[in-house]
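Take a look at this single chain, the form predicted on its own, given in structure tokens.
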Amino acid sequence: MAQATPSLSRSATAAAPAIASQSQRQLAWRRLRRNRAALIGGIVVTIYLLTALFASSLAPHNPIKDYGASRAFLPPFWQPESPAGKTYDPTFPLGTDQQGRDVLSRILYGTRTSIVAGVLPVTIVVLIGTTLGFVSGYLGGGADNLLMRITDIFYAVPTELLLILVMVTLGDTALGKAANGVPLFLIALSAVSWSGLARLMRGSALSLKNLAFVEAAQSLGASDFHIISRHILPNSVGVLVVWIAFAIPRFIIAEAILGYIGLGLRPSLNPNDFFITSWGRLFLDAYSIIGSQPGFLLAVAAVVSLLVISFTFLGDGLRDALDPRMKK
């Protein structure tokens, strides 16, 4: 019995972090479930993701098919007659544009492109920002000074200006024309957006590296990679998740702004393309015919606004749920 006691003690000590971690996850989930706005936001975001995934099956019409002048400028369901004198057609619930193309189908296909334009850059930015931030904050010294001076240079440059510059200078190159300009947009947005996350993750690493559990890992001879990946990163996940929840709608809006000024993704004339149109391109198209079809612009604005508000509610809920200072 005397020999079994240390073994039991070590087992209990090893199991304690797992139990504590599980309890923290369960507590965070309970907090999130009590936040109805966050749950509704998460449901709406999930619906948008499913819409983007199954856009080709959900769209009632071919998004690039020209139905001719007879079906152009059809009003949406809430408007019996358009300023152009056309009456509502139930086969086109959100009306048609100047070429008779179905607005609902174009919005559904635009959801696919805009969701990708929001999610993929975030993935790239997280890889760059967390790596540089953790390395800079954990190592300190000369490495920290060098990496932070590079980060400060990117942070000082206006994001929108640099993004517009990249799209203008490289828009007509092979990279700008590939996949309707999506790869160029992803690279450009990722290249100008990582500095803020790097500074955030550096601060997290600085606050964690002097804590007892990190010093214990160092005393046991753990490598820097092991400490960063197994100790610092897991304790920074809460901050990172909240940042992602707010970054995705910001990137979607960036694509919409670029599309509105004519520098966004290129429209496609091939119905088999994955990226046919985007919300930014639809903003541009809708504005050009706002006098004859105001419902088009209203529909696109409502779709984008609903997604941004849903992400905001979800981000607020995640921030409250993952905050260790929240007691209730």
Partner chain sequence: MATFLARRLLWFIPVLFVVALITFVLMKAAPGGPWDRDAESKQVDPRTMELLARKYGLDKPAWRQFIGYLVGDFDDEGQFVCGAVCGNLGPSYRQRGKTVQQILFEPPPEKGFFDSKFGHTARLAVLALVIALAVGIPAGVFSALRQNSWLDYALTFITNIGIAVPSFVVAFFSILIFAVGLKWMPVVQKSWAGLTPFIIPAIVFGFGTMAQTARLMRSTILEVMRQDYVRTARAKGLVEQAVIWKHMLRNALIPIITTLGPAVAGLLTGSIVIENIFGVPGVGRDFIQSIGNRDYSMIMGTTLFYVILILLGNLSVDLLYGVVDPRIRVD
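Computed from a predicted structure; not experimentally measured. Numbering follows the first chain given and starts at 1.
Separately, the form predicted in complex with its partner chain exists; it is not shown, and the next lines address it.
**Item:** Contact stretch among 114 to 122, 84 to 92, 67 to 75, 153 to 161 - heavy atom within 4.5 Å of its partner chain in the predicted bound form
**Value:** After filtering at 4.5 Å, what remains is 153 to 161.
**Request:** May I ask you to check whether residue 283 falls inside a 4.5 Å heavy atom distance of its partner chain in the predicted bound form?
**Result:** Result yes; residue 283 sits at the interface with its partner chain in the predicted bound form.
**Item:** residue 304 within 4.5 Å of its partner chain in the predicted bound form, heavy atoms
**Value:** Although its partner chain is absent here, residue 304 would touch it in the predicted bound form, with heavy atoms inside 4.5 Å.
**Prompt:** Would residue 263 count as touching its partner chain in the predicted bound form under a 4.5 Å heavy atom rule?
**Reply:** Output for residue 263 is yes: heavy atoms within 4.5 Å of its partner chain.
**Asked** Using 4.5 Å between non-hydrogen atoms, is residue 168 touching its partner chain in the predicted bound form?
**Response** Within the cut-off, so yes.
**Asked** Three residues, 257, 287 and 294; all within 4.5 Å of its partner chain in the predicted bound form via heavy atoms?
**Response** Yes, the whole trio is in contact, each within 4.5 Å by some heavy atom.
**Request:** Taking 4.5 Å between heavy atoms as the contact cutoff, choose which of 239, 191, 233, 253 touches its partner chain in the predicted bound form.
**Result:** Among 239, 191, 233, 253, a heavy atom within 4.5 Å of its partner chain in the predicted bound form occurs only for 253.
**Asked** Of the options 229, 173, 210, 219, which one has a non-hydrogen atom that comes within 4.5 Å of its partner chain in the predicted bound form?
**Response** Going through each option in turn, the one that passes is 173.
**Asked** Since the partner is left out here, which residues of 303 to 318 would have a heavy atom within 4.5 Å of its partner chain in the predicted bound form?
**Response** Sequence-ordered list: 304, 305, 308, 309, 312, 313, 316.
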